[in-house]
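Take a look at this single chain, the form predicted on its own, given in structure tokens.
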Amino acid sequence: MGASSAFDVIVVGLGAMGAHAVQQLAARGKRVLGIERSSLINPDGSSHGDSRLIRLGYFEDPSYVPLLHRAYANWRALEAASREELLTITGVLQIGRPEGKIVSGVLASCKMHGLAREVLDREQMARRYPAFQLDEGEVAVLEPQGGFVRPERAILAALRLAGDAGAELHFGERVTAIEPDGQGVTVRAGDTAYRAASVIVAAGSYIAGLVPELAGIAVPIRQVVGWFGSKDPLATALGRMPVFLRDEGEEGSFFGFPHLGGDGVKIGKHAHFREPINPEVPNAPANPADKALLGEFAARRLPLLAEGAVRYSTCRYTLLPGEDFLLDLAPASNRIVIASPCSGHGFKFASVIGEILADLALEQGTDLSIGAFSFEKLMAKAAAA
């Protein structure tokens, strides 16, 4: 078996979170190795699809807002360092009944944190944003700071900066074991054993195979999105149509983006059918049920879209109980940092989560607020579920 000289930190997984952790560590002058089992931004991961929504008025829980402020700042810093456009502000519309989870939650979050917002009724929406169809009694909360991040471009920028700063990046290597001891951690990949003072595990849908405590708790599911053409390209154009979230009550929530210069207006349903998958099996393509779900939503809520999507894409969510994040040291060893920070709403945080993971790997703690994302809280939610 081959052996490698020791690193300060090894990062397992180079998707959204791992890429930004590697970049943060390399920028701090650490000797860092990133290992990815697949190719760069592969179609069986969770970090492709052209766009990811970002917003400050977080209806899920106002405690996320301070991290979002830091994420925005870090995205702008990454843009400056990489000379790439990563974050685009369009405004975000969060639509539904006033008493619904999304509208009531975003208004509470905005009020708590003093965030700019504007409430629009059905008639105001029809005049200003004709792409959307609201029911009688529904409203939309316009948050001007909302927008989208380009996921593929962001990951490439982070990894390029990491490589330029001396990080070693390996693709097509599958980690099979992570073994802590008193002096550090051994990471085994194929016939090679790597050594590091600490390890960050950011393996996305594969994480339960590397972190036994998450078996049966971190559940990979299938996610499908589609891109639809427009009957009125001006109404759905970038600069006229904001990104959006839509509360459909018991049917769940949908999200979407304006035409960004690709195949059309992108829409999806959060968590789709909540269909568990085997992460070792490639993502299945969109089927008739997937197409019907998105097509029926588009016809009902976005009447200016053409019938039938131009194309579809499948990716993965990894859901945790409560759909909050996990950012903590492993129960078995403070030399191992565990990151499962998505549950379908994580990419917007990648720039700040990379910073958090670097802090945890080097200092076993961080000044950023992550108390809600501990193993202890996760296990309490799992027990309650």
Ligand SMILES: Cc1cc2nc3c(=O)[nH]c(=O)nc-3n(C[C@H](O)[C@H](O)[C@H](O)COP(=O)(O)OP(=O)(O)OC[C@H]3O[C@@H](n4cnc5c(N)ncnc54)[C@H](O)[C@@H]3O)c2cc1C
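Just so it is clear, the model here is predicted, and its values are computed rather than measured. The first residue of the sequence shown is number 1, and the count goes up from there.
This next part talks about the form predicted together with the ligand, which is not shown.
Student: With the partner left out here, check for me: in the predicted bound form, does some heavy atom of residue 297 sit within 4.5 Å of the ligand?
Tutor: Because no heavy atom of residue 297 falls inside 4.5 Å of the ligand in the predicted bound form, the answer is no.
Student: Flag residue 355 as yes or no: does it have a non-hydrogen atom within 4.5 angstroms of any non-hydrogen atom of the ligand in the predicted bound form?
Tutor: No, residue 355 sits far enough from the ligand in the predicted bound form that none of its heavy atoms falls within 4.5 Å.
Student: Look up in the predicted bound form whether residue 17 has a non-hydrogen atom within 4.5 angstroms of the ligand, and give yes or no.
Tutor: So residue 17 counts as contacting the ligand.
Student: Even though the ligand is not shown here, does residue 174 get within 4.5 Å of it in the predicted bound form, heavy atoms only?
Tutor: Residue-level check for residue 174: yes, a contact with the ligand.
Student: Mind checking whether each of 37, 53 and 348 has a heavy atom within 4.5 Å of the ligand in the predicted bound form?
Tutor: All of them do, each having a heavy atom within 4.5 Å of the partner.
Student: Sort through 194, 257, 228, 132 and report the residue having a heavy atom within 4.5 Å of the ligand in the predicted bound form.
Tutor: Selected residue: 257.
Student: Which one, 202, 106, 162, 93, lies within 4.5 Å of the ligand in the predicted bound form by heavy atoms?
Tutor: It is 202 that has a heavy atom within 4.5 Å of the partner.
Student: Can you name the residues of 69-88 that have a non-hydrogen atom within 4.5 angstroms of the ligand in the predicted bound form?
Tutor: Heavy-atom contacts within 4.5 Å come from no residue here.
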